[in-house]
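Only one chain is given next, in structure tokens, and it is the form predicted on its own.
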């Protein structure tokens, strides 16, 4: 996971991991069946870092805390959202995560089908936001207003008026990544809440 955090998930090979650990790549096969097994294990470790919802809060608060926690984990492991989406098998951490989330939704009164769809909608948003964020949000060390000014200056006069209007806004007012995330999450939670009402 450290290797992926430092150089990206595509750099994680058995050979690179062996070098990192100071062993021959072949010796790693005494511990994992192969790269797929390694990646599945990485997913399990990442999922285990996400706060599981508990029964001591309302369902919306529990889902919000879980989403914010997942987003914080993905900030530490930027490769994780895409990797989780790409894996077909679930281990104990992933199964516990799903069971706890679904349990909160079922106890709130959602039917099994609606609970499953709510879980899918929420996770699709969280994972998708993090995957898209790198395309629209400036890096942590960049000034969002400067980035917006660069975008604005690259737009030919009179072209792409809607994009220019948004860039003009963010050239003056810094982009708030957390507020953007909370906006979408709130829409989903409010819509799900309306289903229960």
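No experiment lies behind these values; they were computed from the predicted model shown. Numbering follows the first chain given and starts at 1.
If you look for the form predicted in complex with another copy of the chain, you will not find it shown, but the lines that follow are about it.
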Residue contact check: residue 163 to another copy of the chain in the predicted complex, 4.5 Å heavy atom: yes
Partner contact for residue 54 in the predicted complex: another copy of the chain, 4.5 angstroms, heavy atom: no
Any non-hydrogen atom of residue 195 within 4.5 angstroms of another copy of the chain in the predicted complex: yes
Mark residue 72 yes when one of its heavy atoms lies within 4.5 Å of a heavy atom of another copy of the chain in the predicted complex, and no otherwise. no
Would all three of 99, 125 and 131 be in contact with another copy of the chain in the predicted complex, where contact means some heavy atom lies within 4.5 Å? yes
Any residue of 53 to 70 that, in the predicted complex, places a heavy atom within 4.5 Å of another copy of the chain: none
